[in-house]
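Only one chain comes next, encoded as structure tokens, the form predicted on its own.
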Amino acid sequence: MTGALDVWLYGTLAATVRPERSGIALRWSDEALRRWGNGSRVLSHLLPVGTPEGRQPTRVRVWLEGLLPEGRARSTMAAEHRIDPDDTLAMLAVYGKDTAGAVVLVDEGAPDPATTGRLEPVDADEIAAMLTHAARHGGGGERLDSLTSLAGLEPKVALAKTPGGWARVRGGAPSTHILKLSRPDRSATRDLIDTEAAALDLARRVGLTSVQARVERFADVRAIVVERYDRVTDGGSVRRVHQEDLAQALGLSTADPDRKFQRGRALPSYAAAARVLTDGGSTTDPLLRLATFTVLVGNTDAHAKNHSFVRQDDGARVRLAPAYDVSMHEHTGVSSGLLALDVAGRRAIADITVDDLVAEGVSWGLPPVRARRAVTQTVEATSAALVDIDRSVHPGVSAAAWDHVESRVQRLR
């Protein structure tokens, strides 16, 4: 196993993590205690600042594993650097300098990563090579990729957009965009990136996200380019914003990728996501609106890794992250038709009604009138967005995909 790593968060050396037999030990720094105070959840719902060192080694390991990709992507990334894929710290020693959120992991005692980051310009041909490599091997080699760690099974490439063009990130520099290659033309889900861009367009119009996404061509390959919501560009500098996903917040290990789906289990669930928000002092209305939108567009892949919480640098504020990684699935003919997270105990997306969505929100503690307003306003806003959206901007989205969304909106109206 690798040695210890320092955890940097919002420009502060927050903690050090090191391997131990029962998991991974975390020791908070004096700087973290002074800045955020004992008990702050600025890093995670699961790991409050000031937790005694070695107290929760399994939780620490699971949370850190949540920063890494799953399945073949993780195995390939490990093999390319001759790392045991189960050695979480060794993986993060290589890939942890640009992760989801604001966490940056470096070797213990290494300089502040803000002082070591650099960019390497890349052209369209190089980006095409990165995307092709990621699709074939599940990750990027050192010569190609930015050595970024992004959770999930889908192969991704992270790059920085600069005034001069695209660049790899190295040594702790933050990426600004995530790129995913389109699926093969023969695939039943060949339009996945197209419907993702369209679903995010709808979500922006409904007020559920600020994320910008578009489908672009790099040399001879098509890819979706998604702006990272956990990055803020201010003038010429890029600032990281911290987030954690629902699986991390609940301490769910996604070493088994199936674990991010509810599928009859108690966790993960919308109710658990609501508790994370209320524990952080936020209302749950946005979560109910997102759950409603998930049903409306037929997004059966809205699992625990696709729901996240933004944790601001003051260590006090928590809010639901903007909608991301949303797509239309029901028109493909290969969709299971089952939601990733249950709504009022129901799994089949075709069975979900307005009353079910309201009941789900009420179960979290929302007053019935307020829950119904959140649901019906989202249905009406999505109906209006379907009228307003310029479908010519999304030529890869079939009429069947639009029809499925329209029919579900009309049914719930």
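Owing to the predicted nature of the structure, the values given are computational and were not obtained by experimental measurement. Residue indices: 1-based, along the sequence shown.
We do not show the form predicted in complex with a small molecule, though everything after this point is about it.
So the small molecule isn't shown here. In the predicted bound form, which residue out of 254, 306, 182, 284 has a non-hydrogen atom within 4.5 Å of it?
The residue in contact is 306.
If the cut-off is 4.5 angstroms on heavy atoms, which of these, 100, 106, 131, 158, is the one near the small molecule in the predicted bound form?
Of the candidates 100, 106, 131, 158, 100 is the one lying within 4.5 Å of the small molecule in the predicted bound form.
Which is the contacting stretch out of 173 to 181, 79 to 87, 328 to 336, 115 to 123, given heavy atoms within 4.5 Å of the small molecule in the predicted bound form?
Looking at the partner contacts, the answer comes out as 173 to 181.
Even though the partner isn't displayed, in the predicted bound form is residue 228 close enough to the small molecule, meaning a heavy atom within 4.5 Å?
Output for residue 228 is yes: heavy atoms within 4.5 Å of the small molecule.
Quick one: is residue 324 in contact with the small molecule in the predicted bound form, heavy atoms, 4.5 Å cut-off?
Heavy-atom contact with the small molecule at 4.5 Å: present for residue 324.
Would you please decide whether residue 154 lies within 4.5 angstroms of the small molecule in the predicted bound form, comparing each non-hydrogen atom pair?
Heavy-atom contact with the small molecule at 4.5 Å: present for residue 154.
Can you tell me whether residue 295 touches the small molecule? I mean in the predicted bound form, with a 4.5 angstroms heavy atom cut-off.
Residue 295: no, not in contact with the small molecule in the predicted bound form.
In the predicted bound form, do 150, 211 and 243 all reach within 4.5 Å of the small molecule through at least one heavy atom apiece?
The answer is yes; 150, 211 and 243 each reach the small molecule.
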